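The data below hold one chain only, encoded as structure tokens and taken in the form predicted on its own.
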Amino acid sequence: MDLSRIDRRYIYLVIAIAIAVPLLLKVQLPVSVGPEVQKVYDEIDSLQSRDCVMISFDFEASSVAEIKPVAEAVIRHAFEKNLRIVGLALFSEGTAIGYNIISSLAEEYGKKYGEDYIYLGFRPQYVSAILGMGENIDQVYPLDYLNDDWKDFPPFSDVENYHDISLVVSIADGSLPTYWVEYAGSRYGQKIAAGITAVMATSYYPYTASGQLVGIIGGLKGAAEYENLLGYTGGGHRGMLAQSSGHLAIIALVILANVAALRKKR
């Protein structure tokens, strides 16, 4: 059989099956928790009930499949600890996505808008927004995503600036965590953690080693590690299984193609 004459659509079908089937299975891969993820978990777990965390959705729609499980793991932990969440977005594409993620999980946990979480929405010019919130969040975001005066909600009326935020978590697919470190961390002493795509992880290990970032959650593997710590199987585990299955299918196809090429040459 001459594999070079196989319709490439069959190859696409094999890859599709290799990725889709694991997503339907409830199989949990063994995942060991790395120190960077453990540090983020420990930091959030050390907070007291009703402390305030800020979660910034700093990503584009193209990264949702990888970054959503990271965001969900952090939000679940915050809700389980009964923390107040201030959500916002510094990338326009992440605005509605971030709101939908928080709202759906809030409904699952029985949390109410204005009592347990608020969502401030999007502001352009992220450097100005980050610096401005160090002085007064209300001046940067006078109204929330729903066009209400969020200061009218009593649980959040005392939130003025970073002094009232225990931790900022930047959920990002690019360089936004760097700006949080430079302008919120260095200038205002704000503690910052980052949930990032796997390809960005190596760029931020030095920030964790230096203490400029509390820790990082890197891609699907980081999400799966965090899910392990929380004791549930979510999008991180399913994504890791599908990703691993897809990689194995590609390796098998490469080996098969090379074997076929050698046979043809002989």
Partner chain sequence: MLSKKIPIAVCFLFGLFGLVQYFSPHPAAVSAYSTVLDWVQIIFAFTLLVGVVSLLQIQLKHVSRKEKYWGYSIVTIVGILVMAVFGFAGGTERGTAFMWVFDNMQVPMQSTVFAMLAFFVATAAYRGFRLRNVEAGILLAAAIIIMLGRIPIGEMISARIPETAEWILNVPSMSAKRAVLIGIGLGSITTALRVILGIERSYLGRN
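Quantities reported herein were computed from a predicted structural model and do not represent experimental measurements. Positions refer to the first chain, counted from 1.
Not pictured, yet referred to below: the form predicted together with the partner chain.
- Item | Contact flag, R266 vs the partner chain in the model of the complex, heavy atom cut 4.5 Å | Contact with the partner chain, no.
- Message: Just checking whether S210 would be counted as a contact of the partner chain in the model of the complex - the rule being heavy atoms within 4.5 angstroms.
- Response: The answer is yes: S210 has a heavy atom within 4.5 Å of the partner chain.
- Query: Is there a heavy atom of N82 no more than 4.5 Å from a heavy atom of the partner chain in the model of the complex?
  - Reply: Judged by the heavy-atom cut-off of 4.5 Å, N82 is well away from the partner chain in the model of the complex.
- Message: Using a 4.5 angstroms cut-off on non-hydrogen atoms, would A61 count as touching the partner chain in the model of the complex?
- Response: Yes, A61 sits close enough to the partner chain in the model of the complex that at least one of its heavy atoms falls within 4.5 Å.
- Message: Tell me which stretch of 164 to 172, 89 to 97, 73 to 81, 151 to 159 has a heavy atom within 4.5 angstroms of the partner chain in the model of the complex.
- Response: Correct option: 89 to 97.
- Message: Under the 4.5 Å heavy atom criterion, name the residues of 202 to 217 that approach the partner chain in the model of the complex, in sequence order.
- Response: Residues within 4.5 Å: T202, S203, Y205, P206, Y207, A209, S210.
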